[in-house]
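Have a look below at one chain only, the form predicted alone, in structure tokens format.
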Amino acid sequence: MNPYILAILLFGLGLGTTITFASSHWLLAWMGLEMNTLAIIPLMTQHHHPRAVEATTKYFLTQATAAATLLFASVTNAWLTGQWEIQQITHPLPSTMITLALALKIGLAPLHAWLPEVLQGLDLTTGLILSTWQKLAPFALILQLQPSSSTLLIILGLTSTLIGGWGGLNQTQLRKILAYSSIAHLGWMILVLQFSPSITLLTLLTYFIMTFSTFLVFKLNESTNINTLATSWAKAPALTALMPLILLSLGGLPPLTGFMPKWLILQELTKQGLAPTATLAALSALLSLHFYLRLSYAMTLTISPNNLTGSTPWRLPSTQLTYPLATSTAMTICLLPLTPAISALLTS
């Protein structure tokens, strides 16, 4: 892609998110979301492959549906209450509709079916943008909403953690596994949203760091399914040794960074008297942990046939940039001891 066009599209992505962040009026927020969607579409179709075009079409249709529902709900709210302010959603009908529209935008279960399909049709770089940056603008709006029904958010959260764990169990494609991982993590964030927005924000940031590391490792190894992970020892032996730690951090095991948000969320849910919900969420994390362990096993404990194709990459130096990967990997593995400081920063 022409670098000038790429720069314009990335600027559009940034501007769309910033407009949504800065807006207090529903029309402006909606406009930011639309700019976001329209800026990523050319990035998604840059490899003119039928699979990419199909993924882009699916993405466009779901995002357009969510945006239309959002606009309809905000107009309904203005009609019922005379208010266009984001903070002033007081009527339960528009509030519920907006929550569901934003859930469709980010891919919360049961409105998640588009996400694995779309992610599977994209290359890893665009997939990374879709899994991280594209979640920011809708999340900014969800955080500002005053939820009329706490039950709705808990149902969305629990369904997402369960489906995110269950859906990834039988997958062999890495991008689909990462999509289900995304759904499960979003479920955890939504569970605690109404009780502690700062913990939700912390979970979102740690999820971004961990996903960034995972996508970059797969990009470095040029892996798109589980079988191709077996040759990664020849391309980057040190990284192959670290990769299980990144995956187990995504699964939420101590003493890795990924344990921090899960620990705080379970603590907060228990404080709010929702012990059964916390128990169910913790059990659903075991499902996710199973497929992260499968990936770790395939990457580090299986060796591809010792032929020329398997061992040649070992002799060829990689030209890919590894500084961002080194930084994010260190953060994915080592941030747990800083939990009090990070919590204090986000709550102050």
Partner chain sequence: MSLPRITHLPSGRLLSTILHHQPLLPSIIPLTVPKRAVIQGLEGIKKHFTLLKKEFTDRWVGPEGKPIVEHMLEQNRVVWEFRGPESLREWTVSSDREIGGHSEAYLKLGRNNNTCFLYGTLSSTPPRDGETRYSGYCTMRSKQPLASFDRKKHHDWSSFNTLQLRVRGDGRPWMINVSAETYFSHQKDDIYCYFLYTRGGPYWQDVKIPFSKFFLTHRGRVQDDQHPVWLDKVNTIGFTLGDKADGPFQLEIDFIGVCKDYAHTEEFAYEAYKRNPEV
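Positions refer to the first chain, counted from 1. In this text the structure is predicted, and so the values were computed from the model without any measurement.
Missing here is the form predicted in complex with the partner chain; even so, the following discussion is about that form.
task = Indicate whether residue 241 is a 4.5 Å heavy atom neighbour of the partner chain in the predicted complex.
result = No.
task = May I ask you to check whether residue 155 falls inside a 4.5 Å heavy atom distance of the partner chain in the predicted complex?
result = Residue 155: no, not in contact with the partner chain in the predicted complex.
query = With a 4.5 Å heavy atom cut-off, would you call residue 205 a contact of the partner chain in the predicted complex?
reply = Residue-level check for residue 205: no, no contact with the partner chain.
task = Report whether the minimum heavy atom distance between residue 146 and the partner chain in the predicted complex is within 4.5 Å.
result = It does not: once the partner chain is placed as it appears in the predicted complex, residue 146 has no heavy atom within 4.5 Å of it.
message = So the partner chain isn't shown here. In the predicted complex, which residue out of 312, 65, 302, 322 has a non-hydrogen atom within 4.5 Å of it?
response = Residue within 4.5 Å of the partner: 302.
ask   = 198, 277, 171, 126: which sits within 4.5 Å of the partner chain in the predicted complex by any heavy atom?
value = If I apply the 4.5 Å criterion carefully, the residue I get is 171.
One stretch from 277-285, 42-50, 65-73, 23-31 that, in the predicted complex, holds residues within 4.5 Å of the partner chain by heavy atom = Within 4.5 Å of the partner lies stretch 42-50.
key: Sequence-ordered residues of 280-302 touching the partner chain in the predicted complex, heavy atom within 4.5 Å   = 287, 294, 297, 298, 302 sit within 4.5 Å of the partner.
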